[in-house]
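Next up: just one chain, as structure tokens, the form predicted alone.
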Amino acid sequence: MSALKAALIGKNISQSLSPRVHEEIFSIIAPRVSSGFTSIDYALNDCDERCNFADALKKARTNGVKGLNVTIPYKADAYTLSEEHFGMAAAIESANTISFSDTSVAFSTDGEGLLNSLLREYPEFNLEKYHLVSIGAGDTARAVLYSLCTRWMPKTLTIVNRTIEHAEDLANFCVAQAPGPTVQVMALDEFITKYAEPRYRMIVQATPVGNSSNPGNLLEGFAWSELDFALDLTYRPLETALLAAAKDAGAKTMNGLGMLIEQAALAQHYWLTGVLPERSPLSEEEYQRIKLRLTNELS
């Protein structure tokens, strides 16, 4: 029997659902393709401050790992240290996935994973009526904003971050990649007290704050509206304090569980076939079955 060796590498990932997600996805995708793999061996590689990411990549490759998922804080490093860059990774200069064969190929499935899950949950969704706000200016925010703003043009785009320089960098990137909407940057406290748009705000929380290992609500005291849409990219817990506050005000809400499933499906399909599909490799029934199982485990 031949196992597909894969892993997640990042910081503070001990509670990640990625092994479970990839097991579920492998049972669906592998029988459809002639990959030669009969099982998946998916490991967690926690790379903390003492970890040398470049050495970790070399070790994974030497040990026969076929595919890597990469999370905070190494997505930019994954792009820089890979020999080839595929798809949107070349535009955002960041990658959440690496495939090892004759060369190391870096690509990103975060943005498309978010789009696929968003349109499953809200098929009629159209960003063009919303003022888009990103809480956070890191690599995940960059991937998500790239995918959202190259598909639709929001009314305005606001980048909110504790470090204004990082927000300005992301704002400049968005203007260059998807010109059109008015773009502004704001500090967190300024956004909570002074943000001018009162309705139809889609707020994407793209920082680790709010997850089980880093509890909190960066938008504590924010005046939500029933016309808003709150999206928190974490999935543990399923409902963060931010999402609970938005839900209490009647806003639409969505967590990051669907994005986790969809980005993993795209990544694994590439590991197995060498092809990144244009749409999700999962049917609606398959997606909902995986999501229900994981939801029950997290509840």
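What you see is a predicted model, and the numbers here were worked out from it, not measured in a lab. Each residue number is its position in the shown sequence, starting from 1.
There is another form of this protein, the form predicted together with a small molecule, and it is not shown here; the text below is about that form.
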In the model of the complex, segment of 245-253, 61-69, 41-49, 230-238 with a heavy atom within 4.5 Å of the small molecule: 230-238
Joint contact, Lys75, Asn161 and Val209 to the small molecule in the model of the complex, by non-hydrogen atom at 4.5 Å: yes
Contact flag, Pro154 vs the small molecule in the model of the complex, heavy atom cut 4.5 Å: no
4.5 angstroms heavy atom contact with the small molecule in the model of the complex for Asn116: no
Close approach of Gly87 to the small molecule in the model of the complex, 4.5 Å, heavy atom: no
The small molecule contact at Asp139 in the model of the complex, heavy atom, 4.5 Å: yes
Heavy atom within 4.5 Å of the small molecule in the model of the complex - residue from Val183, Cys149, Leu218, Val105: Leu218
